[in-house]
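Before any questions on how it binds or moves, here is one chain, the form predicted alone, in structure tokens.
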């Protein structure tokens, strides 16, 4: 399946690739902005991993290696679009304007959510694998009936593509021509299961069974991801219905900080993908084709380091939540089971009014 052609505009050596279907519409300054976003996401993600190792987070889902897929797609989203992530879309959250500290609050256990989804047009992380796709399609069908000039995008992995929720979401989206883009980050490993255990055909071919188009893009090529995603979102807003994008990428780190990838994959495989690093690809292009200076990249690295320090300081200063706050905002309206739980905690001496 690795030999299937995919959309690519920038090869691993940082050289532009001609493509008859897509061309890059981005200026050198905009491409540098993509690099900056990817560098910041990688640095912040590495800081979060360190925080978890030091006992400051319960869990963390690293994103290293998938920065181009997320930043390219995130840049393609319009301000009024709505995105529905899983638990690894830190790059999408960044592009939607969600403060980095809010990404970590859920993993520290001080909130049941993290941010206001409506404010950022970005849903809270979905831990239940695949459930976000159903939410996305439901939202897309709603804006379709409102005749809103919006599109929806939902993100999941190659492992998530095997979930029934994804199948049901694709069926509804195809039948009702919903304005939604399904974005698969095929990072080759669903925890310890390789993609070959998820499918016998390239994942993007599944779209034809649902009645809408699918495409595979080099998920480590931020230029190609941006252009492919932008077209898919434009088509959704124009009433042309759903589509599926398979971003062919690789998870460089562990599935989560509770995972040990050395138990199920070879170092040689990892080394092959290190040579396709999405950040180094863009950096090489900017240096070779636009004479970008090393000082520019040094400044970006320094900025990212400072943001990581600020993130650490902010996380360590977060106050513990009031115990009864766990019952707030579970449902839009009061619910007898939730209220029973609240009263039980009060009876146990955690305070509050009965």
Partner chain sequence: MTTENLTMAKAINEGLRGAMEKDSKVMLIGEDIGKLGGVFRVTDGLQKDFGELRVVDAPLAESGIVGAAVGLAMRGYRPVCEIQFDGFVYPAFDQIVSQVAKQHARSGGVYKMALVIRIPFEGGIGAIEHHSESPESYFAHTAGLRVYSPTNAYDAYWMIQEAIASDDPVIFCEPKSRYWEKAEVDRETPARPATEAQIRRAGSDVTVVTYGASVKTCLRAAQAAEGEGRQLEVIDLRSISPVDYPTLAASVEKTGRVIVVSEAPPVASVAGDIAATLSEMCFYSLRAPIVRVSGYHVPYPPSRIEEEYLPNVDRILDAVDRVMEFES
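Keep in mind that this is a model prediction, so the values were computed, not measured. Numbering follows the first chain given and starts at 1. Here the rigid core means the biggest group of C-alpha atoms that line up within 1.5 Å when the two forms are laid on top of each other.
Same protein, other form: the form predicted together with the partner chain, not shown, and the subject of what follows.
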Exercise. Though the partner chain is not shown, can you say which of 275, 127, 175, 118 has a heavy atom within 4.5 Å of it in the predicted bound form?
Worked result: 127
Exercise. Thinking of the partner chain in the predicted bound form, which stretch from 42 to 50, 317 to 325, 66 to 74, 289 to 297 has heavy atoms inside 4.5 Å of it?
Worked result: 317 to 325
Problem set entry | 4.5 angstroms heavy atom contact with the partner chain in the predicted bound form for residue 96 | no
Exercise. Is residue 200 close enough to the partner chain in the predicted bound form to count, meaning some heavy atom within 4.5 Å?
Worked result: no
Exercise. Any chance residue 108 has a heavy atom within 4.5 Å of the partner chain in the predicted bound form?
Worked result: yes
For this session: Answer with yes or no whether residue 149 is in contact with the partner chain in the predicted bound form, where contact means some heavy atom within 4.5 Å.
Result: no
Problem set entry | Sequence-ordered list of residues in 173 to 207 near the partner chain in the predicted bound form, where near means a heavy atom within 4.5 Å | 190, 191, 192, 193, 197, 198
Exercise. For residue 340, is the CA shift between this form and the one not shown at least 2 Å following rigid-core superposition?
Worked result: yes
Exercise. Has the Cα of residue 329 moved 2 Å or more between this form and the one not shown, judged after a core fit?
Worked result: yes
